[in-house]
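Next up: just one chain, as structure tokens, the form predicted on its own.
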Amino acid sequence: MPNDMANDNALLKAFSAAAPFDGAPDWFGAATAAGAETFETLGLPTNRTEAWKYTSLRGLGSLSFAAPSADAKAVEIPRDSVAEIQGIEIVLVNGRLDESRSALENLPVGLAITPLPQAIEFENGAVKHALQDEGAIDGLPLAALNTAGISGGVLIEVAKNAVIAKPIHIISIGTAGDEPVAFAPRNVVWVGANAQATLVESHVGVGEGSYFSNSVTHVTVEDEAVFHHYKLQNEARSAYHVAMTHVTCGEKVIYDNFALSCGAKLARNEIRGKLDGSEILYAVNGVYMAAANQHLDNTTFIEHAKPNSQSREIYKGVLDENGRGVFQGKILVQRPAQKTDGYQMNRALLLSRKAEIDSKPELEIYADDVKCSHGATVGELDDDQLFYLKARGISEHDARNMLIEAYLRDALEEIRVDKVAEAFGTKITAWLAERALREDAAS
């Protein structure tokens, strides 16, 4: 049931006002109308909605969001917040493409980047398929809200057999003044057969104002392609960040995903993957670090539709002060998907008596010959390890930070691109330095 119809309608109006697609073709109007209808039917999810049991969006109801102003593109890129990656940059400001600061020309052979409005105007098949896919919004109210009020985005196409050496780097900047703003970027990625590419997303904020980033990304990876997909969620601490990624994999695909989440007041990173082929290696991993008044949600869904594929997911969290983490992971194995190998694990480290973690791993299996497992662990820093370090003259303060950093950096071993692992490691070190300053100030 809808949460609060008045608030829902106001939110829908705010997102729809941000949509800049005047003169779009009829099929696009029909797609956005379908999104609005679905959102009006579902409303914002409440804690009674099973998929949102541990994450409340009630805080959104207390804010009156508006469409972003046209002059927001003037903000500087907060280089200290984004992932330090030398790549092909695509800059979005409040969901809209900043073409003047984006590398859309002189691209490597086999790579095409098109502004979403242009791709819609040309009726690009990948974009049309993504926006008309009813399954992408069915039962998913925030994805439906995104479809109803798409604010911008890009189409990224990697041609068949192309090898793109440089990472593609989407920098999504949120910013607001005195009035909270809402925006909904939509990105579509198509990786051709036997191609190789890396995409990094940096979601960051500028200023102290509140904003709501509600993004959806469609990823299609064709047969025998290799696609590395990494995300840094480092939004402003007053921001709300909800992101949905839909992934479809063909035969013998390698799809490697890693999400590092440390920003925003409330963030939900949801990845839904369909393994629509055999001999796929599908990995979704991540690290989340929450401090005072932060709520970080990682939700995954993996559907094994065909036989002989592997899925791996390992998430590690550190929760400090009254920070709260959520992990929900479901693996669905359809009847034809014999010889499936699925593994899922969430580990959380609590640094405070007020910190909280909710973990819900889940398996739903209809095939007979599978190897699937899941688990969750929650704990504190090991007293014996602390004693060992302190016995060698290391202060308790430094010893704790050393153990936390080692715990988190171990998760970075899951990243297959070394430069990305280094960049994410830098963000972990910065987060720990901020934590040390808070501890010093409190003592």
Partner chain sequence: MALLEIKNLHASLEEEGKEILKGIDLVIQPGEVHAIMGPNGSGKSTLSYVLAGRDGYEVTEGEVTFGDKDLLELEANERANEGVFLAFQYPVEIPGVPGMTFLREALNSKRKYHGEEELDAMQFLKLVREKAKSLEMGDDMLKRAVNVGFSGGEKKRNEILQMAVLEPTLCVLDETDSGLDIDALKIVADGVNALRNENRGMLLITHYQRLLDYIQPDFVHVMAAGKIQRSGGKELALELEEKGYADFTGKAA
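Positions refer to the first chain, counted from 1. Bear in mind that the values here come from a model prediction, so they are computed numbers and not experimental data.
Another form, the form predicted in complex with its partner chain, is not on view; read the next lines as being about it.
- A single residue from the set Ala66, Ala34, Leu403, Val378 has any heavy atom within 4.5 angstroms of its partner chain in the predicted bound form; that residue is Leu403.
- When its partner chain is considered in the predicted bound form, only one residue from Arg416, Lys390, His374, Lys53 comes within 4.5 Å through any heavy atom, namely Lys390.
- Between 23-31, 38-46, 394-402, 58-66, the stretch whose residues reach within 4.5 angstroms of its partner chain in the predicted bound form through a non-hydrogen atom is 394-402.
- Along 86-117, not one residue places a heavy atom within 4.5 Å of its partner chain in the predicted bound form.
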